[in-house]
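Below you will find one chain, with nothing else, as structure tokens; this is the form predicted on its own, and questions on how it binds or moves follow later.
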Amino acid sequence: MINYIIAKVKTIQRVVVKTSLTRILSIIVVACLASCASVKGATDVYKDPNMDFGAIKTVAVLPFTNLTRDQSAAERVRDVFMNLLQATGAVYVIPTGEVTRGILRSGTTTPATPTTEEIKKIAGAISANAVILGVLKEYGEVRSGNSSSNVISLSLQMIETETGRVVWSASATEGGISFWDRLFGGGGKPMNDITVKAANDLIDKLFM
């Protein structure tokens, strides 16, 4: 009889522990989802309410400013963004070679940060309705303790070439060390995957 009671007590203890752990994990998951929702819901997009975006048919993507240690990162990210933007069929993206020729013809010395007049000259040389400028702020592996992951952070702005005004701007950040990376370890997602995701996020914000 005593052995039976002891066995029952142990069973009850296991059930209590299991239930407590389940509740704790549920709370953690809910907190993480709420945190993610608040981040995704953050306003990081500007669109000129007076701009007719349907009138923009041809876009030139200028070289991005690179603030990362990877010297070739900006060109890789620019190439991914241009291909995905072209794939939407919403606008014609002028090929890189044509954009380079326009930059040379305009005499622009810093194509990643051109002046308004330089933008107009580049656009006139290649018949662009708008140009897109970009700043690559983060790209590559980040570490925290024993955890590591890939991250990308990119900001873009579109300038209407006739007036030289900014009509759209947005930013996107993907990757980074998540709660689950810290808890269970892991190297995060491949760099190419998060680059494509960030580029698509920006394109969605452009056509939203």
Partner chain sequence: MTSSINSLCKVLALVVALAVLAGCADLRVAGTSEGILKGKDLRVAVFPIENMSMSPAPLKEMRESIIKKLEEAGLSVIDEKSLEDFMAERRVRYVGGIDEETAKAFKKEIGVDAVLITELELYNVTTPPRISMVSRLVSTGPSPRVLWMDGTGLSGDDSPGFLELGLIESPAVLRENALQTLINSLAATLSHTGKSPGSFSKRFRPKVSYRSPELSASEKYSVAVLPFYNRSQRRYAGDMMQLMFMDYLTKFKNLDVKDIGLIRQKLLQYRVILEQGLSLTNADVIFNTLNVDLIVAGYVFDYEDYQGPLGVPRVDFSALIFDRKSKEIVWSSNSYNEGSDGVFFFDSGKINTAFSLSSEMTRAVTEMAIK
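Because the structure is predicted, anything quoted here is derived from the model rather than measured. Positions refer to the first chain, counted from 1.
Heads up, the form predicted together with its partner chain isn't pictured, but that's what we're talking about next.
When contacts are judged by a 4.5 Å heavy atom cut-off, residue 83 counts as touching its partner chain in the predicted bound form.
In the predicted bound form, its partner chain stays beyond 4.5 Å of every heavy atom belonging to residue 113. Contact check for residue 119: every heavy atom lies farther than 4.5 Å from its partner chain in the predicted bound form. Among residues of the shown chain, residue 97 is one whose heavy atoms approach its partner chain to within 4.5 Å in the predicted bound form. The candidate spot formed by 79, 101 and 196 lies fully in contact with its partner chain in the predicted bound form, as each residue has a heavy atom within 4.5 Å of it.
The single contact residue among 133, 136, 123, 93, judged by any heavy atom lying within 4.5 Å of its partner chain in the predicted bound form, is 93.
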